[in-house]
Structure formats: structure tokens, C-alpha cells
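Quick setup: one chain, the form predicted alone, written in C-alpha cells, and binding and motion questions come after.
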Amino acid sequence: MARNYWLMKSEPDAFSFEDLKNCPNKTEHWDGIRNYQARNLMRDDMKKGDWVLFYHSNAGKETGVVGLAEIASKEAYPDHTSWDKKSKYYDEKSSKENPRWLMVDVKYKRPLKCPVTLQQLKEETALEGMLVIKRGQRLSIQPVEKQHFDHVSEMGGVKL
């Protein structure tokens, strides 16, 4: 089965790449997705072994790709935070019997030797067409073409 490639955004003050590194087994569930398009990508297309560009969003000048991760769960599964009334991700229309939202497990692989900023991504002609640089593209989970994944990794000092 072919591997897919993704870009997953997280605000570093909420959950950083370093936080992922410090999780047990360097693995954590990716919860709180409340966009149907992103949920559908997780449900329909994300598979165990897919590779991820971990992107720090809303980080000022440091906004950009900071590391590489991997989808660690076999497939998307119900996001239990949507049932927790104390969670900021609570959704009264979601239940254990009829889950509305999903999540996957993400595993830390390695940091980039140097982060690749959003500005650098935008300036690199080889990355034309990459969703993260398109105006108005705000999805926290985005598919990435293999050649873009490889190029961003190389820009960050990681040869795959």
C-alpha cells in the first residue's frame, strides 16, 4: 500500500513538536479536529505509516515546519474529547454511540535541523501548489505531495 504524506498544524503553545517528543513512546493522539474536511481526510485517507510534516502555526516568525512525525494508529478512531463536557472540544451532538469527530495517533520521528518557515515555503518555486502556501488555506490537516514532502525535509536539513 502506498504511503501518504501530510502536513499537520498545531499551535506550539497548545501542543508543540517538543511536547510530542516528551510523550510516552513519543506518541500522542491528535484530538480536537472540528472541521469536517479535516475529519474526512483522517477517516478516509490517513493510514498507519504515513509521514507527517509537523507545522507550528501562529508562532510569529517561527511559523513553519519544525519536524517529522508518523501516523501511528491503524486508522482514525472516535475522539473522546468530544464527549467530555469539561473539554474545550466538547460537542453535544457527538456521543459514544454516534461519534461525530475522529482522531489519529501521531509519533515523533525527528526534528528538522533547521525549521522551514512559512515565508521560506512561499518563496520556494519547487513547492508551488502546496496547500499550506495557498491563500485562505486554513485546514489543520492537509495532504502533501511526496516531492513537496521530500523537498521541505531537505530544506530543513533532513535527507530521506
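If you're wondering where the values come from, they're calculated on a predicted model, not measured in any experiment. All residue numbers are counted from 1 along the displayed sequence.
Another form exists, predicted together with the DNA; not displayed. Remarks below refer to it.
Review point. Of these, 103 to 111, 65 to 73, 131 to 139, 46 to 54, which stretch puts a heavy atom within 4.5 angstroms of the DNA in the model of the complex?
Key: Result of the contact check: 131 to 139.
Review point. Of S95, Q120, T27, N35, which residue is found within 4.5 angstroms of the DNA in the model of the complex when only non-hydrogen atoms are counted?
Key: Going through each option in turn, the one that passes is N35.
Check your understanding: Wondering, does N58 line up within 4.5 Å of the DNA in the model of the complex on heavy atoms?
Key -> Answer yes; at least one heavy atom of N58 falls within 4.5 Å of the DNA in the model of the complex.
Check your understanding: Is there any non-hydrogen atom of K9 lying within 4.5 Å of the DNA in the model of the complex?
Key -> Close contact exists here: in the model of the complex, K9 approaches the DNA to within 4.5 Å, heavy atoms only.
Exercise for review: Could you list which residues of 146 to 160 come within 4.5 Å of the DNA in the model of the complex, counting heavy atoms only?
Suggested key: Going through 146 to 160 in order - heavy atoms within 4.5 Å of the DNA in the model of the complex - there are no hits.
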